[in-house]
Ligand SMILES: Cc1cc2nc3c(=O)[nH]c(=O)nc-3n(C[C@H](O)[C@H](O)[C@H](O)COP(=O)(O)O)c2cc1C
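Before any questions on binding or motion, here is one chain by itself as structure tokens, the form predicted on its own.
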Amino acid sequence: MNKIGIFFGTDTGTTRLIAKKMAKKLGDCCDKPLNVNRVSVADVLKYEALILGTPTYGHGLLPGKSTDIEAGSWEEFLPQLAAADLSGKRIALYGLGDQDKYADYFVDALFDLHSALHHAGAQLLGQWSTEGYTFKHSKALKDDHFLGLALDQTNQALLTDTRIDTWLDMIKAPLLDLSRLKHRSEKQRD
């Protein structure tokens, strides 16, 4: 079975915690989550299915050296990844933000990830409803949906597990392209 690669950027560790929760819930169909400041583009490209996570810092910024993350993060890694050919890669995104303190920039970094990956040819999935959130603006919106799972660990931590479960149920089959795998195994039996 194909495995899902989970990669994240983080400073405080919250995005890592979410990645680990997802990996635990997905079980054997994914590999251990890894921080983008510890991998190469080749490490990411070996997967056909990916879950990528990012926090949004301050006024809508990707994490990286400009946000005082000494080891670097998405800000440094994303241009390298975006320069690769991501055709055929199935990618779902999740983002963390604070919808009260940064109501005008809620999960904006999702937009930056989405935009770069889209232009590199990735098939992006996992849009998430805005229902239940209270923010003013987000660049990460398309047709009244977030471009990926939006989480607010500061103000809505009690909703996180349910949101993760629902989102993973929604994206698991498309990420693993289970219909294609099922069709292939049926053809092999014929």
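Don't overthink the numbering: it's just position in the shown sequence, from 1. Nothing here was measured: the structure is a model prediction, and the numbers come from that model.
Keep in mind that the form predicted in complex with the ligand is not shown, yet the notes after this line are about it.
Put simply, Phe106 is close to the ligand in the predicted bound form: some heavy atom of it is within 4.5 Å.
Contact annotation for Thr12: at least one heavy atom lies within 4.5 Å of the ligand in the predicted bound form. Looking at Asp98, you'd find a heavy atom of it within 4.5 angstroms of the ligand in the predicted bound form. Within this chain, Gly60 lines the site of the ligand in the predicted bound form, having a heavy atom no more than 4.5 Å away. Contact with the ligand in the predicted bound form, judged as any non-hydrogen atom within 4.5 angstroms, is confined among 48-56, 158-166, 122-130, 22-30 to 48-56.
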